[in-house]
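In the block that follows, a single chain appears as structure tokens, in the form predicted alone.
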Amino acid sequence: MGGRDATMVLLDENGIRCDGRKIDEPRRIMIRAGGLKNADGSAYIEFGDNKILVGVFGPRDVHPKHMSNTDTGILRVRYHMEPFSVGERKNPAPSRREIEISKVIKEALEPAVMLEKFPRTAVDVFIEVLQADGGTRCAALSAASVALADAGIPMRDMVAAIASGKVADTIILDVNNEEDQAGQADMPVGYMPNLKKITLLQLDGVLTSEEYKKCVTVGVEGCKLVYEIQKQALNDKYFGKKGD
């Protein structure tokens, strides 16, 4: 029964969550395009208390050569959490979770990037999590899209990402760390709004078929909010901030 009690305090009788948000309200999101002088493109995101920096390099020659593809470019993604990014110091060596998230983000980005435009080359995406607070894969994916666009990589669309979930028998938007630990389900969603295509959909937990559909809908609507912030970040860099 302890788990049930834990979920109860995550949502009060007025539908307010443990961090003061409503059920359909995302955490504060700030994205800045550029910033890394040595990278071809970069982005920094603050998503709640997540702080993540992304650098993009390429298209560039593939080493060793046999790893290249004559028909298309290849996308390589490294997601890495700094040892100081979590409360208990993390081992600096890549964990199984980091390797899995690197693969997930790569597969979510591939439909967006026109890899066929630059055969025999590679685009490298380096993601550094400076501070983690639940939902890092979605925040990292959103920032990586902005960094790729900043690098001038040909793209069909940007991928925006956010996690929906289930807490105290209620579908919510943007799962934070406490809700992730004590909630009933967590569903990261990556979405290309212009193409209306989902490129990332994972589920940790149990949902009914109706809850599943609602969770996807809530996640997609949340992605559209993130997408506007992504576009604004690029506008601010290349066309100046409003009021400048």
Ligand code: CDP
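We number the residues from 1 along the sequence you see. In this text, all values refer to a predicted model and were calculated from it rather than measured experimentally.
Missing here is the form predicted in complex with this ligand; even so, the following discussion is about that form.
Of T199, N177, Q184, S68, which one comes within 4.5 Å of this ligand in the model of the complex, counting heavy atoms only?
It is N177.
When this ligand is placed as it is in the model of the complex, are G73, R78 and K103 each within 4.5 Å of it, taking any non-hydrogen atom of the residue?
Negative, none of the three is within 4.5 Å.
Going by heavy atoms within 4.5 Å, which of 154 to 162, 141 to 149, 114 to 122, 127 to 135 lines up against this ligand in the model of the complex?
Looking at the other structure, the answer is 127 to 135.
Even though this ligand is not shown here, does V86 get within 4.5 Å of it in the model of the complex, heavy atoms only?
Yes - in the model of the complex, heavy atoms of V86 and this ligand come within 4.5 Å of each other.
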